Ligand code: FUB
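Just one chain follows, in the form predicted alone, and it is written as structure tokens.
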Amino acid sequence: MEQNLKKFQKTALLFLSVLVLTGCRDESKSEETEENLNVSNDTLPEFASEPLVTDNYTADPSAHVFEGKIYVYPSHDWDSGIPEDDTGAHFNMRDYHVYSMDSVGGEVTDHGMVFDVDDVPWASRQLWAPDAAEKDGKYYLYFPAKDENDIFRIGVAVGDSPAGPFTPQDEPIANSYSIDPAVYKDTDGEYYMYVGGIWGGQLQRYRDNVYQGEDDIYPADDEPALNPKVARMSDDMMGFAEELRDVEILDQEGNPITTGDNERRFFEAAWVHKYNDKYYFSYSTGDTHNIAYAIGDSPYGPFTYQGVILEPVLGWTNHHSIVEHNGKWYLFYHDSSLSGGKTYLRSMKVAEMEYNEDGTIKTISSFADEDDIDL
């Protein structure tokens, strides 16, 4: 009970901080001021780690080890002046940069912009969280964007280097929809793409992979929650080798997590990694702000809920990736500390991730001292 109260107090204080900080800002600003991104504010708590870059706002970091280095593929936040709403219209990202580092803690290299939304023939706006994969010396950047009908699809761009540049294909992946593509390469050489996000991610507008229209349809609170989707990739990495199917997330008794279970149900930001021959499916709970995880025996699931990897951060959203490098595991994530709490101007960070002896993951706080954020 005391632990739950402390969590509630911490979350409440974070939201209050965001409201105060953003409310004091000039909402008429329409362009990012890249020479003055650092915002100091004495009311902010001390954070456990610093932003990886400070000359751009970066979010949704997707980290991979390619050619012995860590490459990170984030989205690029900027202030386009669009008012905030539940569809995420204010997350109006329009290009991608690629970053790399020889090791965590080392110098971060910005490889520059790899493409812009205007370079994508089928896309109209909102280049949201991307992911990348390598096969046979080719590199593939997967990304969501809205088409001419304002429906999210998943696109693919191809390059010869993990740093880009990448050339977007003329059409989105056939039968793709929603957001947050994450591609997992299994130890047998097969690749799988996970997708999905509710609210602005539009997953609630589909049933059996068929678009139902602009109305948002959610199951009742006591019914199984909407599931993320997975499909094995085609050999050429340009599409699906099968239809998208549900990824089930179950509780410890084997029952599906329900819609009303906001602390545990899937919201967005799927990611899969393997540890000790088990598959770990991690994700964001969205409006309850956890990075949670579940464990299974197959890349298709089902996955059994285990707990929280990362507690709520400063800012409304979180989106992560997990990577092993030089014998250590790392969690890449974002918060809004660089912008002083502005929820759609975020900064990517990294923290070491550790396992318990039973294979569960130790919970991480983004704050240096939790006492700093007690009410």
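Residue numbers here begin at 1 and follow the sequence given. As the structure is a prediction and not an experimental result, all values here were calculated from the model.
Below: the form predicted together with the ligand, not depicted.
A heavy atom within 4.5 Å of the ligand in the predicted complex is found for one listed residue only; from Phe91, Tyr279, Phe115, Tyr139, this is Phe91. Ile179 is the sole member of Ile249, Met193, Val272, Ile179 with a non-hydrogen atom lying within 4.5 angstroms of the ligand in the predicted complex. The chain is drawn here without the ligand; in the predicted complex, the stretch among 254-262, 164-172, 127-135, 205-213 whose residues come within 4.5 Å of it by any heavy atom is 127-135. Under a 4.5 angstroms non-hydrogen atom cutoff, the ligand in the predicted complex has Thr317 among its neighbouring residues. Taking the ligand as positioned in the predicted complex, the residues of 51-85 that bring a heavy atom within 4.5 Å of it are, in sequence order, Asp60, Ser75.
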